[in-house]
Ligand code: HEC
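Here you get one chain, nothing else, as structure tokens; it is the form predicted on its own.
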């Protein structure tokens, strides 16, 4: 019989044993992994303003010093809040988990930092966090965020990855021009809690400073 033959051939017995265990493992692991990777009911796509802020975060290399992945250890959850769940990243492309923490993890930063805190911190970090080695990012207060590219990104992930944006996110120049006032309104809401008058003046002139987009993104990390 086949089983008698296997008993006499240890190599093939080991191969068959591995195959059976691997198959059983896949049946157990894959469904759970798939379920865990689905968006949480509280997970929503980034707004266009937040996407623009995410791009500023990437451009200025914030990921080099800050992670966005809280591990399930008490030392981390005590400091940063609930550990990260895979479903929270369902709409993020790329993921910004990071691999180094020169500064603190930022995945829950929207729960404990405010707009005005970020404004003052980005202007001169040591004034807010004594001893901080983080550089100043004053250029973000005058640089204009690339909102149009962020809108194009939203259109792309909606059409390619089925990210559930509304019907107002669609391809075409006319669609972008129609959507643009909404981004400016979102920017005004962020700037309302800021003291920098230059930032507010830029938005009034139809331009969104990088700092506003970045703060909108940081505020969305909860």
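Positions refer to the first chain, counted from 1. In this text the structure is predicted, and so the values were computed from the model without any measurement.
Only in words, not in the display: the form predicted in complex with this ligand, which the text now covers.
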Residue contact check: residue 179 to this ligand in the predicted complex, 4.5 Å heavy atom: no
With heavy atoms only and a cut-off of 4.5 Å, decide whether residue 147 touches this ligand in the predicted complex. no
In the predicted complex, residue 73 touching this ligand (heavy atom, 4.5 Å): no
According to a 4.5 angstroms non-hydrogen atom cut-off, is residue 171 in contact with this ligand in the predicted complex? no
So which bits of 135-156 sit within 4.5 Å of this ligand in the predicted complex, heavy atoms only? 135, 137, 140
